[in-house]
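This document opens with one chain alone, in structure tokens, the form predicted alone.
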């Protein structure tokens, strides 16, 4: 007796189930053509933020050094290891430290996971800073890319906030007093309001501290608040901003590159392996014309010539950089443990009590003036960074590192000027002190606005204007100011890390610290 037609169709559908499911899940052909490879990127819910094709110049290792990919890779590693740590971590003043000790000494693989999480944070912060410097020195913030630069500054701030909020969670002495210093920096408005005798009526410093800690002191409220910010709120915001940041790169025409690229600059950069066409091969394309409008577009005179499919060229490089980043962090985490001191004790302060390393430059400035070092100068620096593309609108070629000898000269001279100024100021203050040492009764308002930090900023601004006048170029002024602040940040961070000891006194070596 023959099978009913419906039953026969059922068995045929069952037989074809694997192929049917594959076609419903992977809605593109095998990557044997430009169209199929473009569909892999364009039709994927995660990969569609990338362009379907990428210019061969953008694949040059020395052009970007993969810094953006390294930062994103570190963030992915942080998410995965953070979720694993959340399984065992208990956000409570009574239980937090013991849960960290359990992770460190009892949970199988817990020590390694915590180490990876800690060192991935440092890799992400460093790579974000270097990525910002790469974008600046290649002028990749110009033309239609201004707002994406602002998004990048936002990502830098979010990265620092994520790391800062995670710093308290171990609830050990190092974390407790580092966050105490950092929150006091945020509350340093009080120096200005106290000097003006208006704190009774206007107290933004205390308000900032309460917003950060949930109370006037670091305790259960602060721990819960930092836990939610670090584990949920800030990662979600960072993912959203990062997605828009990458998407804007695609909408702005891909990675910034020069207008005129010579053939020799593309030597060693692969052409499409699935094509045996000539060097000037332009992939077949069709046009769907909707309308013709006036105005600028990143696509004008920038066709698909000299491009290759993002799949597999770009994706292979992203995967390779992820593996390199992951391997480096894992090897480092295997040999070097994340620090863990004794349980936090509010009665016994650390001496020296130091902020996280990326805030140590600010802590050095805060030692001269809490308000200008903790609020004024950082605010001016972030605002200045965000305004760079709107103040420097000088037309020039983008996508090359310091495109001419003039730019390189300004960068190197600014490097030397900043290093000499910062080191000279540190030597002077260590040797002779500052206004308070000379005139003990000097008004605090004078110290607030006339201190080594503001003097350094004044020198840098005047140097920037000098370069602008000498070279008649806003780009040269931007290079001078950016280089000065970058060098100052590195030197101040190094100085506060290795030469500031108990009571914030100067020591050549840690072995010279007094024994308690």
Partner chain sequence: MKTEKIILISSLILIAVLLAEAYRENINNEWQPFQKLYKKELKKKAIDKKEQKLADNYEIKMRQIVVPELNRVDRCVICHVGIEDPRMVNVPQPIKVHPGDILGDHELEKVGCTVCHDGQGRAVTKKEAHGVSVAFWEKPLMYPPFLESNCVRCHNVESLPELTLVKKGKDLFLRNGCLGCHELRGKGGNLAPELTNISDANIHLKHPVSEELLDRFHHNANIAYIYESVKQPGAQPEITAMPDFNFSEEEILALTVFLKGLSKKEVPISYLAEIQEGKQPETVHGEPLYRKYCVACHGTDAKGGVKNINYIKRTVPELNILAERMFLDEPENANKVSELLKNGVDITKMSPKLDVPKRGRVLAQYRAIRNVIKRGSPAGKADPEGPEPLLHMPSWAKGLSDKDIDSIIAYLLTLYPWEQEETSE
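Positions refer to the first chain, counted from 1. Computed from a predicted structure; not experimentally measured.
A second form of this protein, the form predicted in complex with its partner chain, is not displayed here; the remarks below concern that form.
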Report whether the minimum heavy atom distance between residue 149 and its partner chain in the model of the complex is within 4.5 Å. no
Proximity of residue 317 to its partner chain in the model of the complex, heavy atoms at 4.5 Å: yes
Touches its partner chain in the model of the complex: residue 201 (any heavy atom, 4.5 Å): no
Report whether the minimum heavy atom distance between residue 141 and its partner chain in the model of the complex is within 4.5 Å. no
Quick one: find which of 193-201, 159-167, 233-241, 337-345 has residues within 4.5 Å of its partner chain in the model of the complex by heavy atom distance. 337-345
Looking at 331, 79, 430, 381 here, can you tell me which has any non-hydrogen atom within 4.5 angstroms of its partner chain in the model of the complex? 331
Let me know the one among 397, 265, 220, 98 whose heavy atoms come within 4.5 Å of its partner chain in the model of the complex, would you? 98
Heavy atom contacts to its partner chain in the model of the complex at 4.5 Å, residues of 72-108 in sequence order: 97, 98, 101, 102, 105, 106, 107, 108
